[in-house]
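Okay, here we've got a single chain as structure tokens, the form predicted alone, with questions on binding and movement later.
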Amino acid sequence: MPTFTAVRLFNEDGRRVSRVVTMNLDDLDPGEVVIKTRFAAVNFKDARAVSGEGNVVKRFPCIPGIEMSGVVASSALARFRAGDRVTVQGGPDFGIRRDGAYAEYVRVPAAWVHPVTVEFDEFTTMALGIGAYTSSVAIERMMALGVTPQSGPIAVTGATGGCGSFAVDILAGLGFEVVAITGKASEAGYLRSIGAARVIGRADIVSGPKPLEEQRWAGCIDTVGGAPLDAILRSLKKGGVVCAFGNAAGETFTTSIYPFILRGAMLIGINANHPVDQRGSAWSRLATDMKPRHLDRIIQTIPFAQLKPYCDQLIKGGARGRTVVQFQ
């Protein structure tokens, strides 16, 4: 039975502490499929879990990480065979109440395992993953509600993050005028290189005391919540649409009723935590008209050994784009 390395989170007298540990398959939660991990992704919630922040992981000890791809090592079911390329993304408890992605081997129920689709290899499946998929779902929903490139500028909050970067790239590729909003002035060049027509700071959208501000945005992909979401709502154009799915700037926000009753603003919540086999057209479009044009600029790859320090850096706001963890 092989031994392998994993990052495991422990609860020690109320403190959440992650450690690099050596494990074997018997240490993992039960499941019909064992997968040798090739790649995993780092989402903001994953970084919080590894760094011991917040209440992401619900059971201890537990291996964090909610997305991985690799090859089947063994399977109790005929539909998966050794060597099959597969992915686990967004399982109901994966990396939260059951051992997750940050291990050289993963064992999960077969229902959580999905073949890597013909459009993508294992790396691209992780490079896009929940980050690009969530942004594509939000953009598709915004367009379905009538927002077109002719409607006017589209704001993207938290633009340097993984989801924000994908939103900038995809929107620009679809012909929208994209205004990237960020607290990192030093990243303006990066944002322009992936499609932003303009880059402005968070301070440039902060609302004053008025319930309505100048009409600026036809739509917004909001990845941060909090005060920036309030500011965007107050400055939407008539009939403007905000698709929101993040909380890095706060889980709550305060606004008035006036953007909704006087300008017909629409605030749409996006939950794209869908298993791969339940993803609709937005996932397929990531290989066609919504295909990111600058994946090489958005994605950085780190070795598994650098996962813990990288997560600490991400929590402190020192990262951009999306990160893929590579296993040997």
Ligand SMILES: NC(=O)c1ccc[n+]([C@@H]2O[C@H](COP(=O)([O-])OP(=O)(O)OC[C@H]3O[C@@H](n4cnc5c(N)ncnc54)[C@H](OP(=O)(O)O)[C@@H]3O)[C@@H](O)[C@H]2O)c1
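Note that this is a predicted model, so its numbers are computed, not measured. One-based numbering along the sequence shown.
Although it is not shown, the form predicted together with the named molecule is what the next lines describe.
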Option touching the named molecule, based on a heavy atom within 4.5 Å in the model of the complex, out of 267, 272, 295, 34
272
Between 224, 242, 108, 128, only one gets a heavy atom within 4.5 angstroms of the named molecule in the model of the complex; which residue is that?
224
Stretch in contact in the model of the complex with the named molecule, which is absent here, among 276-284, 24-32, 41-49, 256-264 (heavy atoms within 4.5 Å)
41-49
Looking in the model of the complex, is the named molecule within 4.5 Å of a heavy atom from each of 152, 198 and 219?
no
Does the 4.5 Å heavy atom contact test between residue 90 and the named molecule in the model of the complex come out positive?
no
Is it the case that residue 100, even though its partner is missing from this view, gets within 4.5 Å of the named molecule in the model of the complex, heavy atoms only?
no
Against the named molecule in the model of the complex, would residue 183 count as a contact residue? Criterion: heavy atoms within 4.5 Å.
yes
Please check if residue 162 has a heavy atom lying within 4.5 Å of any heavy atom of the named molecule in the model of the complex.
yes
Stretch 238-253: residues contacting the named molecule in the model of the complex, 4.5 Å heavy atom cut-off
245, 246, 247, 248, 249
